[in-house]
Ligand code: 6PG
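As structure tokens, one chain now follows by itself in the form predicted alone.
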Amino acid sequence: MSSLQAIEQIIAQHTQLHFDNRAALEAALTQSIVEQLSQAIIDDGKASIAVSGGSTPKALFAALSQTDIDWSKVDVTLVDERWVETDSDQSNERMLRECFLINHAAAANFIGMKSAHDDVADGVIDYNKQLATQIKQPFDVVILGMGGDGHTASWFPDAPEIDCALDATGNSSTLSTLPPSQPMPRITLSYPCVAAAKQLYLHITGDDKLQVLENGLSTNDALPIHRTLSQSKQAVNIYWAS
């Protein structure tokens, strides 16, 4: 699966929303997420959302933090995390605490992925227990991002664990990955856990990332983002702005 035609067919199965600028994207995506979370609170008494790190969603998180929903009934967690201390500038949790878990959203029930364990394998066991007992499943909302190499979550093209992470029949909700291209181990949700979400978004910005999404890279290998989209049985909402 590397031909442009195959990629076009995969993308066509999903909902693509292109915006003139990032502010318009963030406003539309904020509204959609708030509607999903609010409806889940009405239907189930609580809601859950898993979000990605990186710089792309910071403005989105700031906008979400100011929305006046009942955040005390919302479970918030991460799609993936670097296995670093939570005060590290590489920590997704730190970024979330600074950009998202503020204002109204400070009342949310946040469950981080990084634990006190030195070994990420022990952290996976610990987080799986929390996922089963403290976080509403399946997720009402999952927001994925995408890197310039076509990775999403911590499903990197060169990760030895990539096939396990993307195994649609796998039983594990969480796993660790150690891609040679990355400087540290990671903990990540698995594809089945992400794909079970009631609403799945892909949030990307920049012409370079759009080209990766729509054209792939100059390689014959299927990128993780395309493998993810090709397996999804529901339409993923792809939000993009330059």
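Predicted model only: the values in this text are computed from it and were never measured. All residue numbers are counted from 1 along the displayed sequence.
The protein also exists as the form predicted in complex with the named molecule; that form is not presented, and the subsequent description refers to it.
Pick from 122-130, 165-173, 151-159, 98-106: which stretch has non-hydrogen atoms within 4.5 Å of the named molecule in the predicted bound form?
Stretch with heavy atoms near the partner: 151-159.
Counting any non-hydrogen atom inside 4.5 Å, which residue from 56, 39, 32, 67 sits next to the named molecule in the predicted bound form?
Comparing distances to the named molecule in the predicted bound form, the residue within 4.5 Å is 56.
With the named molecule left out of view, which of 52, 199, 190, 177 would have a heavy atom within 4.5 Å of it in the predicted bound form?
Filtering the options by heavy-atom distance leaves 52.
Can you tell me if residue 138 lies within 4.5 angstroms of the named molecule in the predicted bound form, counting non-hydrogen atoms only?
No.
Verify the contact flag for residue 147: yes if a non-hydrogen atom of it lies within 4.5 Å of a non-hydrogen atom of the named molecule in the predicted bound form, no if not.
Answer yes; at least one heavy atom of residue 147 falls within 4.5 Å of the named molecule in the predicted bound form.
Examine residue 82 and determine whether its closest non-hydrogen atom to the named molecule in the predicted bound form is within 4.5 angstroms.
The answer is yes: residue 82 has a heavy atom within 4.5 Å of the named molecule.
Could you list the residues in 169-202 that come within 4.5 Å of the named molecule in the predicted bound form, counting only heavy atoms and keeping sequence order?
Contacting residue: only 186.
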